[in-house]
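The chain below stands alone and is given as structure tokens, in the form predicted alone.
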């Protein structure tokens, strides 16, 4: 695969993921105890992508401070800061000085196992100026629908159509392969979107814009429910990623620095990070992810849950189908079911 530059659209505050994103961007939320952006970087790295540009607008220091220059991940990271949100296409235009050849654009909250090498071959074969990844969904009414002809050339875009009016179930999956000349059609220093601005403009000009259909795993980590489902899916091996080893996929993975009482009952799949202490008679039934420096007191019970770092669970507490954010304390003998819990609030996880 030809070496490519990738642009990751990290974007704004991600209000749909509240309260988990109240104090941190979606890109650093832990997925199997690793910041989500690490998974994205590893995904790109396996296709030989070494130059990655991150477009930042919300809490940029939290991302730059963690990822640094990218050398520990085997890539070179460049950060392009937006003083004001520029939209998806505007953010790429802002990074235009680094884009002089075919490049990839990814929405920063997408997790997929799509084959980028195959998508690039499709892009080359079609001699496209823009290729848009497409994902099939049962209900396209919440997404941007992309209608193509028999040769996969894009005919039109339909934003969130009623189900009865949707011409297709193929939606914009948020990964693009683009030629650098398309940057000429994006206004500078202006909020401008791919979906409602650039792509329809290219169609109007008669430019070759194609859709690349993909039926594998695709998850937009845009809500707490989807974030939870991604962690669960990775633990259950319904989806795989480049950071997930065989031992982590098939059983119980725990750090050598975790302390687990011999009477604790742990049923796979479970991941326990370093510094965590699992007390006497604790029962853990996977899929469960436990972050660093957590404490589960005697007799606590956890099932189908994601715990971030420094979470304290009191004796006899019972948790099921939950996400618990860092530095949260849950008192003894409490029942916490179907919840997102932070130090300041508790809200439902799956809503009716």
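Keep in mind that what you see is a predicted model, and the values were worked out from it rather than measured. Residue numbers count along the first chain shown, from 1.
A second form of this protein, the form predicted together with a small molecule, is not displayed here; the remarks below concern that form.
> Among 233, 253 and 303, does every residue place a heavy atom within 4.5 Å of the small molecule in the predicted complex?
Zero of three within 4.5 Å in the predicted complex.
> Pick from 108, 211, 241, 224: which residue has any heavy atom within 4.5 angstroms of the small molecule in the predicted complex?
That would be 108.
> State the residue from 325, 40, 33, 55 whose non-hydrogen atoms include one within 4.5 Å of the small molecule in the predicted complex.
Answer to the contact question: 55.
> Would residue 159 sit within 4.5 Å of the small molecule in the predicted complex, counting heavy atoms only?
Although the small molecule is absent here, residue 159 would touch it in the predicted complex, with heavy atoms inside 4.5 Å.
> Consider residue 228 of the chain shown here, and say whether it contacts the small molecule in the predicted complex, taking contact as heavy atoms within 4.5 Å.
No, residue 228 is distant from the partner.
> Contact between residue 86 and the small molecule in the predicted complex at 4.5 Å, heavy atoms?
Because a heavy atom of residue 86 falls inside 4.5 Å of the small molecule in the predicted complex, the answer is yes.
> At the 4.5 Å heavy atom threshold, is residue 218 in contact with the small molecule in the predicted complex?
Within the cut-off, so yes.
> Taking 4.5 angstroms as the heavy atom distance cut-off, pick the stretch from 151-159, 179-187, 203-211, 71-79 that is near the small molecule in the predicted complex.
This holds for exactly one stretch, 151-159.
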